[in-house]
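The data below hold one chain only, encoded as structure tokens and taken in the form predicted on its own.
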């Protein structure tokens, strides 16, 4: 097939520093289900020696660590260590937020090393007023355009300056992504909502290394592209875990009931954060696509050659050997979903978002069912993709929203229903 042949041809060259390959993206991309190549989804239960996992004990103690290490070595990289010192600074606190319906805090997480290096991340936290007496379960995620873009309250501090994009820090940016965060609705439903800007952890650019939290641990001055051991996605996931550390100290939040969520590249991040840190009780992936929930072997929409060259900082250097070589990956993205078992996972797709391959996202969840079965769960319980506009709720939930690449109220309503089931009724 043309797009596969061209991909294998272009994969012979490292295009990380040559943008000319972008002109051929249309030729590289397939959106036709009839042109999806024959492929076999590997089983996460098959161990490296060919034997099969047959119990939850063997999965947790042997196979799961094996798969987790594969992802660290070949895709998302190692988790950075803890800093030498961590402290929390309360920047602001309001008890009359969101028209006197919510509590609000802004908290700065300080990370310091004995060498004198320092870094910080700013959190924005909303909680229902009842949280002053009884801690609330929470949704935690990262945003694209700064904390000030996630709320309609004009006095929230701007964040995301490390991206060095002046447009992000304009007053006009305030409140531009309110729907993606759903804070007012979360508070009404009894949940806290917590956000940080991903640029504050690792600015999303190939040369963002020296401005990232990873610069605490090694000299990255002038470094760009793919690192042998670390990645931006790994750093963003690390930041989510450090935010969860903080929530364990916050009296407004029940940190034993936290759902990690993310949209698009941050959906990839939430899946990796959930796989890496079992403290996250629910894991939510919204339109995460290639490198997230979508099966790579389907070669539909975005593929490894595009994602690895457009965003070389997202994956470790060894991942490049799977450019136009998806069929030889020693894992598939159903493995990533399976790493979260037996915790609930929710996958959201959009009908017009073929770049993210909605069917491939659904199938990843379905092909994780066999791991959930080890714990007495049916997982998704189906291999039939739900119709657009329908919620399928299970231990592996799924929905296909009508529309484009986005996170909307329709998506949030399903995620809230899932959290109500597992946080309030179980």
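Residue numbers count along the first chain shown, from 1. Fair warning: this is a prediction, and the values are worked out from it, not measured in the lab.
Although it is not shown, the form predicted together with a small molecule is what the next lines describe.
Proximity of residue 104 to the small molecule in the model of the complex falls outside the 4.5 Å heavy atom cutoff. Though the partner is left out of this view, residue 314 does reach within 4.5 Å of the small molecule in the model of the complex, counting heavy atoms only. Within 4.5 Å of any heavy atom of the small molecule in the model of the complex lies no heavy atom of residue 223. Among residues of the shown chain, residue 169 is not one whose heavy atoms approach the small molecule to within 4.5 Å in the model of the complex.
Exactly one listed residue, out of 246, 144, 111, 71, brings a non-hydrogen atom to within 4.5 Å of the small molecule in the model of the complex: 144. In terms of contact with the small molecule in the model of the complex, the residue from 159, 333, 270, 288 that brings a heavy atom within 4.5 Å is 288. You can rule out all but one of 135-143, 86-94, 300-308, 275-283: in the model of the complex, only 300-308 has residues with a heavy atom within 4.5 Å of the small molecule.
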